[in-house]
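One chain comes next, on its own, written as structure tokens: the form predicted alone.
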Amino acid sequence: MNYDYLIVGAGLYGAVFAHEATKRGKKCLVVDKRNHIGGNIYTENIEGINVHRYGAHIFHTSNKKVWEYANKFTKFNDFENNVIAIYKGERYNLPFNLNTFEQLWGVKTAEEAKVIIEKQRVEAGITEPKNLEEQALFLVGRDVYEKLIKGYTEKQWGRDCKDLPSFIIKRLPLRFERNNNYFNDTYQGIAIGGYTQMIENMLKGIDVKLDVDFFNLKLNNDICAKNIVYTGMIDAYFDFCYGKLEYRTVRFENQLLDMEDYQGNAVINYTEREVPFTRIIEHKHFEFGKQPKTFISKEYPSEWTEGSEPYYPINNEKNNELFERYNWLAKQEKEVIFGGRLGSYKYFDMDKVIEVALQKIVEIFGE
């Protein structure tokens, strides 16, 4: 046993845990089956543009402690996520705000918008929503639902909105002022120079091995640590003994274009069902880039199959019950910590990953 902790996964959770455990005098080895650190927040430099290889990651939090912690390892710019939605050639601001309502109905005041939304809610006649479609109609009325929610959501989840549980959109934020900032959080931005260097700084002085499959180590009885921090798929750890948890994955269609600007915005959503992708990311805009070329990614969600990347847990009743069975097994593994998005079968924003990793450190070592 050469190490105190074998940390499986060089993503954000694993990096925070490794950094904090090392600070406390523990010897850590971090392994990852990919050929790079950073997990899904990995950024690679292409033609001077920091490309978010696994989808856009915008750091946002209202937790001052987490913000200050992240800033120990990198600096952030003041990027705000002002999303544009396109529906059959019509352009709308997201999230839903007075600009959106003016684009939909020509209204100029919050009062006019509220009257229309309330009228459509009443016309829908829904009092106890039983699915996502009914929940959306109950909250925002038909126009917003039909143009800006229905098609995008069905592409994202691969299911008709009538077949999706209502809790996915338990509340839809409506703003009645002209504010296009997608997030309400106090602190927001993009890591200057990309997120990879943030993870590099967390892992300074820590042993890291890439292209290493944890299950091969396990099979060959080559676990060289007293304790394991496992951030992979929890069902895979137990050899899918109860069956496979379900995920959505994303296929990225990437293009390096010989032009300065493609769409003039970092994120544009395509909300009609007939357009096969959900959105186009133009990466240079995250850091206000002026490079002579640009790099775009079209996102095509689909069902997860073995060999693809599991992105979004499908937290419906069936999968949550299955996860609880695996979670019971996990609790019996006294020398294994299950963490991160895949180990917890829960989608986390970056700030929440840092928060729960630091909570686990305090739980183990104290303040």
Ligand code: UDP
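Treat the numbers as computed from the prediction; the structure is a model and nothing was measured. Heads up, when I say rigid core I mean the largest set of C-alphas that superpose within 1.5 Å between the two forms. One-based numbering along the sequence shown.
Missing here is the form predicted together with the named molecule; even so, the following discussion is about that form.
Within 4.5 Å of the named molecule in the predicted complex, do we find a heavy atom from each of Y87, L104 and R175? No, the whole trio is out of contact, none within 4.5 Å by any heavy atom.
If contact means a heavy atom within 4.5 Å, which one of 211 to 219, 152 to 160, 72 to 80, 234 to 242 is the stretch that engages the named molecule in the predicted complex? Going through the listed ranges, the match is 152 to 160.
Check whether R279 has any heavy atom within 4.5 Å of a heavy atom of the named molecule in the predicted complex, and answer yes or no. Yes - in the predicted complex, heavy atoms of R279 and the named molecule come within 4.5 Å of each other.
Contact flag, Y312 vs the named molecule in the predicted complex, heavy atom cut 4.5 Å: Taking the distances in the predicted complex, the answer for Y312 is yes, it comes within 4.5 Å of the named molecule.
Look up in the predicted complex whether F252 has a non-hydrogen atom within 4.5 angstroms of the named molecule, and give yes or no. Contact check for F252: no, nothing within 4.5 Å of the named molecule in the predicted complex.
Any non-hydrogen atom of F138 within 4.5 angstroms of the named molecule in the predicted complex: F138: no contact with the named molecule in the predicted complex.
Could you work out which of T100, S297, T294, N269 is the residue within 4.5 angstroms of the named molecule in the predicted complex, going by heavy atoms? Checked against the cut-off, the match is N269.
Taking 4.5 Å between heavy atoms as the contact cutoff, choose which of L94, A124, L203, A113 touches the named molecule in the predicted complex. Exactly one listed residue reaches within 4.5 Å, namely L94.
Any residue of 158 to 184 that, in the predicted complex, places a heavy atom within 4.5 Å of the named molecule: In sequence order, I168, I169, R171, L172, Y182 come within 4.5 Å of the partner.
Would the C-alpha of L132 be classed as shifted by 2 Å or more between the shown form and the other one after rigid-core alignment? For L132, whose C-alpha is compared between the shown form and the other one after core superposition, the shift is 2 Å or more.
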